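Only one chain is shown below, in structure tokens, and it's the form predicted alone.
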Amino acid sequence: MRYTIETHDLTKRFAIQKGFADFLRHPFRKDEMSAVYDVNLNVKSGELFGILGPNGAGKTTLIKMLCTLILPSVGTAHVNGYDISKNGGNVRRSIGFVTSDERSFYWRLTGRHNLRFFAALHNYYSDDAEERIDELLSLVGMEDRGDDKFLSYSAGMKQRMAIARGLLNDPAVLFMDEPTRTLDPGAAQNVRTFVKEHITGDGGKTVFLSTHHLPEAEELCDRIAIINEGRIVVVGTLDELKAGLDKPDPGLGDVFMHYTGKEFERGTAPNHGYQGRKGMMGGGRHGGMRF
């Protein structure tokens, strides 16, 4: 297998809810908005690959397709050699998923009990589950708090548990959707260090990281793809991206400005996540972690 992740013209469209008057005027017209459009990416094994873009650019939609949480409208993708549409179960067994907006833990249970529950979903039971849970609690620096209720954890502790859960099945690929968004600067830096040193470094795993934080992408990523309004506009290493600019000592913000025409730092996300994108049908819109 040459690449761990491959996408071919991957596209996702969502139906636009019609108002009553519009429905009466055009009852059979199907209006759609394109959240992700014609994405072609190749990610190598062991690579820390970043997808960079403002809020509403399509990062989360792309990750949800690759994790088989939603199906593409057009195009295909393979993760660990499995087709995301035809072999969804195999894809899910070989990946982990970490988000910043963690709502799936049971807050009245302890961290350990939560991990036991999620381990059972991966068919880990009894001694195997306990051994794996102990290993992960130690890895993320929660061995002393694993028996406390989840609701007592700080934001940083909750994120540690989210990462532990994402690693329960020892995945070949870990998808991380803006994992530091809700953390303070010190906790966020510790997450970045942990990802680089332990997940891709010691663990040798492939990480697909979405972020809208420029310094995070610069610090972590082997290669970066910039997505804007659902389309990938450029892919490359940081040096390759900077080399495309006729400017002395450019930064990643300059790269973003060059390829999108927008000032990233000032917030380039539109008021609606898919505003201005035209659909194709019916005239619609086209070592211990401490934090």
Partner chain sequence: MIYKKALSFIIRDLVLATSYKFEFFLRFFFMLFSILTFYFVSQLVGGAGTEYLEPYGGDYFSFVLIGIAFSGYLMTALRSFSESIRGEQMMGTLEAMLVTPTDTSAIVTLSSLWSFIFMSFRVLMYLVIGILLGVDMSNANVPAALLILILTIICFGSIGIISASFIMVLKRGDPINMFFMSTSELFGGVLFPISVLPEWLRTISYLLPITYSLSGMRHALLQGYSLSALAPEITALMVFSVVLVPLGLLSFKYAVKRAKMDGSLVQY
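Quick caveat: nothing in here was measured; it's all calculated off a predicted structure. Positions refer to the first chain, counted from 1.
Not pictured, yet referred to below: the form predicted together with its partner chain.
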Of 118, 194, 153, 82, which one comes within 4.5 Å of its partner chain in the model of the complex, counting heavy atoms only? 118
Taking its partner chain in the model of the complex, would 12, 122 and 126 all count as contacting it (heavy atom within 4.5 Å)? yes
Please tell me whether any heavy atom belonging to residue 160 falls inside 4.5 Å of a heavy atom of its partner chain, as the geometry stands in the model of the complex. no
Since only the chain is shown here, I'm wondering whether residue 164 would be in contact with its partner chain in the model of the complex (any heavy atom pair within 4.5 Å). no
Counting only non-hydrogen atoms and a 4.5 angstroms cut-off, does residue 69 reach its partner chain in the model of the complex? yes
Would residue 86 count as a contact of its partner chain in the model of the complex, using a 4.5 angstroms cut-off between non-hydrogen atoms? no
Only one of 105 to 113, 195 to 203, 215 to 223, 182 to 190 has residues with a heavy atom within 4.5 Å of its partner chain in the model of the complex, and that stretch is 105 to 113
